[in-house]
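Shown here is one chain on its own, the form predicted on its own, set out as structure tokens.
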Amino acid sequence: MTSPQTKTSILIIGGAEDKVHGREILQTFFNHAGSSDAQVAIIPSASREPAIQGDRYQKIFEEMGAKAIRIFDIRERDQSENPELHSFLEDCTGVFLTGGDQLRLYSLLADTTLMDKIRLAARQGKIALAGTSAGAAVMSHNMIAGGGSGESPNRSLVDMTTGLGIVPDIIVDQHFCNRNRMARLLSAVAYYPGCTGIGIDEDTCTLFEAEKRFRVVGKGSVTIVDTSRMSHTNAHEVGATDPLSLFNLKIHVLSHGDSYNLRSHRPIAAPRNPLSKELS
């Protein structure tokens, strides 16, 4: 008898999510965090202006009607041990990681008791966890720390390091089509062919509602680089700036409502609108 799938509410957001008009992605996070019963922790530590970022999201969630909001303004690692933060986390229903610098966010949160509690609660489905831009990048274990664009895939195009490992078997790239980052993501998966590459456009997110499965929400697309049948790469044989070879990759491009199963590597189309025309 197989164990039931773990229910989660993890949102990995490509950045620049709508904060003014429909706020679809932020509203989705808020709904998964409990709506009017939501008790939200905002972690703006990736930003160079954490107070401004924290206040911006606090006002948004206040307008949505959150029950309680606390900004975890962590600027030094030892601040994560503040008993007041841990106390708020006990009844917290949602944690939001803002954008900025993913290396800074990792350096402040990695291997802290606070982050361990957040990771466990998110995996167990006890809280909704969202990260946008830098907050999205840190979700994977093998993290894109930076790099370039506009070139053929090559090892020098991407800087890799360790992330927070919320969803460990993926590699996330954000602002994806908006900043022409396909070659960067291909370069990343050449390093780690056991990981699925996920490129997320701005104002778009992957919503994990069950273990190993996500649904696309938002106005852009999500590009999947499926490496499960990759038969060859020359990544470990060529120089840092030499073009890479990657054989037998499979690419999927998903839009709003489409789903993807990371275990079976199977995309699932959004339920069809009965009023739409059949594709010929």
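In this text, residue numbers run from 1 along the sequence as written. Quick caveat, the model's predicted, so the values are computed rather than measured.
Form predicted together with another copy of the chain: not shown, discussed below.
Among heavy atoms of residue 48, none comes within 4.5 Å of another copy of the chain in the predicted bound form. For residue 268, a non-hydrogen atom is located within 4.5 Å of another copy of the chain in the predicted bound form, even though that partner is not displayed. When another copy of the chain is considered in the predicted bound form, residue 209 lies well away from it, no heavy atom lying within 4.5 Å. For the chain shown alone, residue 150 is a contact residue for another copy of the chain in the predicted bound form, at least one non-hydrogen atom being within 4.5 angstroms. Proximity to another copy of the chain in the predicted bound form, taken as heavy atoms within 4.5 Å, picks out 179-187 from the listed stretches 96-104, 179-187, 69-77, 109-117. Using a 4.5 Å heavy atom cutoff, none of 91, 127 and 159 lies near another copy of the chain in the predicted bound form.
Taking 249, 26, 217, 38 one by one, only a single residue has any non-hydrogen atom within 4.5 Å of another copy of the chain in the predicted bound form, and it is 249.
Residues of 218-248 lying near another copy of the chain in the predicted bound form, listed in sequence order, are 219, 220, 221, 232, 234, 237, 243, 244, 245, 246, 247, 248, the criterion being any heavy atom within 4.5 Å.
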